[in-house]
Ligand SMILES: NC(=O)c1ccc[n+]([C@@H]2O[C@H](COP(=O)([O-])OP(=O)(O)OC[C@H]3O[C@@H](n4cnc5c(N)ncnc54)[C@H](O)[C@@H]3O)[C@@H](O)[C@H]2O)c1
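Next comes just one chain, in structure tokens: the form predicted on its own.
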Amino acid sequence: MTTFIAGGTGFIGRRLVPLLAQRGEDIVCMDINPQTADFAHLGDRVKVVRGDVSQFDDVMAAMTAAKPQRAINLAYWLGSTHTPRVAFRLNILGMDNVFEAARLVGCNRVAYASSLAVNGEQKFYGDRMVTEDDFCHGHVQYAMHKIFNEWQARDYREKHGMEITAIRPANVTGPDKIVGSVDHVFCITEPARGKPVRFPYRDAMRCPIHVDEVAEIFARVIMTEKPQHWVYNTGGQAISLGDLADIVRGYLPDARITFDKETGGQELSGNYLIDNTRLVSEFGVQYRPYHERVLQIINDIRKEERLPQLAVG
């Protein structure tokens, strides 16, 4: 079978494509920057085409040619400081273009990236885990776009009988992430490069999950024809930037990580207590210990910098 992926050469997509190829899928990636990934080692199982997800004609032409049985949308603009119309065209119109093109070509099975941003700050829920059934308090640009994406997906489900699934990644982390929520990334990557890094609050909370695990989640969900639910939290590791800094220093004792303030960041933090029970119970996902992922990222950067790899302590 064929899976179509919008944004398939991006941060998550370039990890997801090999996982689907290993499962026997043929993949067609459409991306506005097709040169950002190299799938040559996967042979003719993967075809990459250039296209703009915000242009319906591009999406429709690519899907018509691909004739996919499954579709995934990973094309979005992280952050909430973008020009309103530009962000709308990518995050809102682009998502709808994928839904509508899939409907028109008879591709009933769709998955897409929502976000923990839909929940807003943890303060709205108190000191408890947040589930997929909780009210969404997100209020910034990116959060509102993802909330609408989820509503639009449910509208397509109800009116056209499509099987569309939302995955809400937490704070996705990896050595090559440079946009969106990145303080938890830079807390690892900058010291690994021997560079200093400074943050406002030591007790600011995050919920990191490695990009490899997010890619595996997308692979398992999209390969399931009828998931039990329409939305899944990925969850991750709830951790303060201060505690993350301590983990990094365990591997890099000379890491120069500093904070402006020891306290005051937790009440400003986004949702970090996230219940992923439904994902774990249905799809059997298991995450590697977070400290191992930190070491993995450090070694990824050290490889780029041609430095010796660090052994597991």
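Since this is a predicted model, take the numbers as computed values, not measurements. Start at 1 with the first residue shown and count on from there.
The same protein has a further form, the form predicted together with the named molecule, not shown here; the description that follows concerns it.
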| property | result |
| --- | --- |
| Proximity of residue 204 to the named molecule in the predicted bound form, heavy atoms at 4.5 Å | no |
| The named molecule contact at residue 286 in the predicted bound form, heavy atom, 4.5 Å | no |
| Contact test in the predicted bound form: residue 118 vs the named molecule, heavy atoms, 4.5 Å | no |
| Non-hydrogen atom contact residue 32 with the named molecule in the predicted bound form at 4.5 angstroms | yes |
| Option touching the named molecule, based on a heavy atom within 4.5 Å in the predicted bound form, out of 111, 188, 130, 172 | 172 |
| Contact segment among 260-268, 277-285, 244-252, 49-57, judged by heavy atoms lying within 4.5 Å of the named molecule in the predicted bound form | 49-57 |
| Stretch 72-93: residues contacting the named molecule in the predicted bound form, 4.5 Å heavy atom cut-off | 74, 75, 76, 78, 90 |
